[in-house]
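Just one chain is shown here, as structure tokens, and it is the form predicted on its own.
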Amino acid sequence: MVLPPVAVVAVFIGFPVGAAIAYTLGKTGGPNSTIALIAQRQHVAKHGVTFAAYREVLGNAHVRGDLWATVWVTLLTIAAVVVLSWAIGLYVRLSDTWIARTVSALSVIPLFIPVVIASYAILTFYAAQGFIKTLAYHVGWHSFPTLGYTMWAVVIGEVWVNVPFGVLMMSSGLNSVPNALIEAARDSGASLPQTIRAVLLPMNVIPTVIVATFTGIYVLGSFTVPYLTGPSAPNLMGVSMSQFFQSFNQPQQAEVMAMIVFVLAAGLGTIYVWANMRAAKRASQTS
């Protein structure tokens, strides 16, 4: 029963990934022979494998700038999404009012807006002739910065795209905490911050890790938001990969960048797996 899905994954995912890894190491024959016929600046391994393509990519100052931009945009987006998700989730969990329900509904609206439309909306708001700068000019703030086509616009776009998932995940985790535990903490004299720190936070470590890791993996591989709202250079690795593959006709270098992004994403995935294994171990010890 397990064989069919495993076979599908192996054929449609495992085989292409293996061919791409081999191509980055200089193997231009077999499934890579067609792309090798038209590729430029490719490094061919005469015997064994070669890491010349990795040395070229990592030695490129522009690529290193894109890699650094990708890392700090990812970390900043993770921090912003986790904080916003926790803030909205806590407000909805602890406040049973129409305002809280309205905030909860509004927070998931970006989930139903296409990323392309959201990206152009961000430019409409934050470009040099956008709404925010025009409003700042009319109130006398003539030096308001232009955020359109900057990395800050990319961060805003990535946060916009990922907050709905974070809110849904954190709201689900916080709502699963029994009211009896919260009331017991408050009856014991704990303040609201102490209740959050001692009850809600420890019981929602896994949802927090899921939000952080999934957000980070999404940002690492994103293309539409940085392509439409970001600067020409530096930019995220997804845009750079596309440029090297399509514009520069250097697929080997593009696949090397893909492998670098894969390693970063695998690191985030390792954190997710570790958190789940730790939670499962604690559950087995307490049961």
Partner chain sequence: MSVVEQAAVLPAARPRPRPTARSVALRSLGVVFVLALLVFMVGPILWLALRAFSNVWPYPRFLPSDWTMKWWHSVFADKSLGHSIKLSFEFAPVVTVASAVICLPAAYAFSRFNFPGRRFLLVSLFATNAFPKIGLYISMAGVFYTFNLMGTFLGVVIVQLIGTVVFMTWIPTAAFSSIPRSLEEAARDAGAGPLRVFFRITFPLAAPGIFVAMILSFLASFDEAQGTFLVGIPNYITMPTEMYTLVLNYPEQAAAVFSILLAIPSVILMSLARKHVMGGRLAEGFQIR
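Numbering follows the first chain given and starts at 1. The shown structure was predicted, so the numbers you read here are calculated from the model rather than taken from an experiment. Heads up, when I say rigid core I mean the largest set of C-alphas that superpose within 1.5 Å between the two forms.
Keep in mind the form predicted together with its partner chain is missing from the figure; the text below concerns it.
In the predicted bound form, its partner chain stays beyond 4.5 Å of every heavy atom belonging to Gly65. Residue contact check for Ser242: one or more of its heavy atoms lie within 4.5 Å of its partner chain in the predicted bound form. Contact check for Gly26: every heavy atom lies farther than 4.5 Å from its partner chain in the predicted bound form. Although the partner is absent here, Trp72 lies well away from its partner chain in the predicted bound form, with no heavy atom inside 4.5 Å. Only one of Met151, Ala212, Met169, Leu90 comes within 4.5 Å of its partner chain in the predicted bound form through a heavy atom, and that residue is Met169. Taking its partner chain as positioned in the predicted bound form, none of the residues of 53-70 brings a heavy atom within 4.5 Å of it. Taking the rigid core as fixed, one finds a CA shift for Ala266 smaller than 2 Å between this form and the one not shown.
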